[in-house]
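A single chain, nothing else alongside it, follows as structure tokens in the form predicted alone.
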């Protein structure tokens, strides 16, 4: 007997992801829907000896064709691939969140309703009678808190009952509302269940009246010409989405009438909301919250970073043991310099991701992230993004990998990719560790001007990048701000939060380490030499292409250091020292952040001011590091877009280098 498939359907912030993670644990995988760049989450679980598959459908606010996410969601449901649909609604905001259920009504697939966040509703003083709602809807209904482990036994029983009974939503009262709308009855009479499989005439009629483009096109291709013209005539006479939307909300009011009561309680933390939503101080308060969160991220990150440092210590012992055992220098280097050193590098970076995921997951859990999104929504909207994008930008000042991980809270795939692409333009902590040093060495008291110029170029870079990338990522209708109701504050469920954090961190580790090791091996082979850097392939290639690199104001040594900065900006300066002195391993210096003791003298003796300016801009706006590249792929699940972003930043970094060089020639 094949495993039953459960599809999770709900609006953003309804608790779908929490439920999905709790059900599937680590037995889940993420990719993209075939032919679509929309995230696809699937997993499995077992209950009482039976296996179940779970599909976490893209978050959307309705079943209309306003986005790829919504089209994919309804096509998957109507295809019959799901045995039952689990519809989640926010118990604390039922009037709004049940709109998805109203829009679902008329799809011929069994379903059951989960009134999630029951604990939040209780704290608001709301009393909900699920039995009364179930009686009106004709499907299993239960109060639930996805963060409460003890609630899952009842969830499984409700799920099994829905599968066994093949419970179909009772839409009689909703259809009575629709019949009050001019043109509805006439259109519905012309349609049949066979017009488009999976959808009832009622559902198709409503979508036709709402001028749903996908449904309209399907009806045009299916109906005879005469019937099609009749439908179009009545659609023009109707009030469209305004009328059908009113029917849905009237139906929701009828469902909740007598099933929900509320006692007036004073809202908690009202003062905090007044600060966050203040016209003058709101953005400053939000930025302060994110910065403090970024600083706090280092506390849980520190133990993991120390583990990475411990791997460095073990690496030295292993190298000595292998050398004493007579293992070849090639194999010793491959094992110690690439595998172990690469693992150490990933673990240290992963610590920060763990900290960021924990701290900002906590902010999301208690309701603060919604305020951050609200405050910056208009500002981010100018870039084609939503308010949630501001957090990855600010986190990227510390670590671009953390910024990429922070973008996972963005529901729209295109906006998520665009957010990460723009976050790459933000110089990370490693860049800020060397930019002031290089600026001071070459420009002395003028170093602050270089920092200001970099920040100005960063903002301009983000604006231009948004203009270029948004064309292929964000549709016009998605560029508007969010329509949202701020959720209530509530206490975090630590067990659920920690399961989410550890699950995402583990998933990130295994995905990132594959990419890092692959690129590390290639870079190591190119830089490997048994007798000094001048015999490495990377060295020989650099010397050969120097006439080309000079166009960008980069002697071949600086160009090789620019390439090395793609692996880790910390080691770029050390690579310069190795190349100008002819000693050391380029790869080993890059990954260990080694810096020559007399680096200042080496730089001043071999690099001119225009070349230094070009190099500073080149490494600042080059792709952040190989770990950030891997994290980007892990979040967006698209090789094409990951490569496109990396190629774009390599090109623009060299372009900025060229501009900076020629500006420098005019000044000095």
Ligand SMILES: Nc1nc2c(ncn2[C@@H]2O[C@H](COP(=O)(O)OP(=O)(O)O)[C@@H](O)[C@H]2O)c(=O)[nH]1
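Numbering follows the first chain given and starts at 1. The shown structure was predicted, so the numbers you read here are calculated from the model rather than taken from an experiment.
This protein has a second form, the form predicted together with this ligand, left out of what is shown; the following refers to that one.
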| Among 330 to 338, 549 to 557, 142 to 150, 513 to 521, which stretch has residues whose heavy atoms lie within 4.5 Å of this ligand in the predicted bound form? | 142 to 150
| task | Would you kindly say which of 116, 97, 415, 373 lies with a heavy atom within 4.5 Å of this ligand in the predicted bound form? | result | 116
| note | Checked 368, 120, 202, 409 for heavy atoms within 4.5 Å of this ligand in the predicted bound form; positive is 120
| task | Tell me, yes or no, whether residue 14 is in contact with this ligand in the predicted bound form, where a contact means a heavy atom of each within 4.5 Å. | result | yes
| task | Could you confirm whether residue 18 comes within 4.5 Å of this ligand in the predicted bound form, counting heavy atoms only? | result | yes
